[in-house]
Each structure stands twice: as structure tokens, then as C-alpha cells.
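Only one chain comes next, encoded as C-alpha cells, the form predicted alone.
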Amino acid sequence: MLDATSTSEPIDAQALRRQVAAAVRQLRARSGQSLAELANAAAIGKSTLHAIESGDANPGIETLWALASALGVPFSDLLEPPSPAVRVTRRGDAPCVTDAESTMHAHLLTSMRHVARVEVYDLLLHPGPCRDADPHHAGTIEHVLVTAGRLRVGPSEATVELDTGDFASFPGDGQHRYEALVEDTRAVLTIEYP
């Protein structure tokens, strides 16, 4: 049965049932399975699955494991709140790191883990010393879209100049640099790790 005890903030049994119900509905919709197809794949009754998705059932651990297996997801995906359809990071809310000269401010917009890890940053750059970046892991690729101003970017031996609206991709596993050519240059940086 669903247990609402936890070492973190407690959640009551009814809230946990609602959470599981929403997760199962969302995961079933994402998988494209009908109610009958998922119930059959999990070897549970269609009425039982309907009650779980409605938040009216209190499924045991065996039932949840069977559902997770039939959906092809980790067990914990059934217990966590469903992720929102649209994920927004407001500029002022993103964590920010700055280089020693304060010529570059990197705001982490998102981090995704699929086959590869992908990070997306909102960059604000100012003219000054070049930002020479050390190589990342082998196979890392950087993608840069200039949204305002002008930027010199790329592998140290083969930099390119980009204007507003220009995009460039380059290997991030070698020495590379960023240099703002005008004040308040902005860019979106996506780093793709192997």
C-alpha cells in the first residue's frame, strides 16, 4: 500500500494517491497505450487501473512495480510529481557564475539528461580579456547562438566572428575562447556532453 512516511517533508496518503494517479495517467498517455493495453501489460484489471488513475485506489508495491515495468520507467517515476508540460526559467531566477574579470556571466537555463547530458546557458559578455576555456571531456560539443551584439568564439586556433542571429557549433574538448566585441553581447550556449 502507498505509505506517506518519508524522511523529508511528509505527504499524506491521499496526496500520494493523487500524485501516483497523475503520474500513471501522464506516463500512459506518453506511451500511447490505452487503459486496457496497460492493464493487460501489467497483469492487473482494467477497473483497478482506472481506480489508480482516478486516485481512488491504494495500490500495493507489487502493482506499482508491475505498472512501472509495463510503462518502461523507473519505479520512482510513479511516486514523483509529474513534470510540467512547459518548463520556464526566468532570467532572474537562473543560477549564475562569473569569470574572475567579470567579462562573462553564465546563467544556467536548463540541464537535461537523455542519452547525452545537455546544458543550456544564457550568456552576457562584455569586452575585455578573452575568456579562454579549458577543454571539456572528449566528445563535448558547444553550440552558440548570438542574440545581441557581436562575439568571437570557437577553438582557440580557429575562432569565428558572429553577429546577432548567427549560430556556431564547435568541439568543446579542445582549448576554446569567448570574446565580446561590443558591450552587452548576449548569447545562448548549449553544451552537449557525451
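Predicted model only: the values in this text are computed from it and were never measured. A residue's number is simply how far along the shown sequence it sits, counting from 1.
Just so it is clear, the following notes concern the form predicted in complex with the DNA, a form of the same protein that is not shown.
Taken together, the three residues 152, 165 and 184 lack any non-hydrogen atom within 4.5 angstroms of the DNA in the predicted complex. Interface membership of residue 129, defined by any non-hydrogen atom within 4.5 Å of the DNA in the predicted complex, is ruled out.
For residue 56, a non-hydrogen atom is located within 4.5 Å of the DNA in the predicted complex, even though that partner is not displayed. Using a 4.5 angstroms limit between non-hydrogen atoms, residue 177 is distant from the DNA in the predicted complex.
By the criterion of a heavy atom within 4.5 Å, residue 34 is counted among the residues contacting the DNA in the predicted complex. Proximity to the DNA in the predicted complex, defined as a heavy atom within 4.5 Å, singles out one entry of 169, 48, 156, 147, which is 48.
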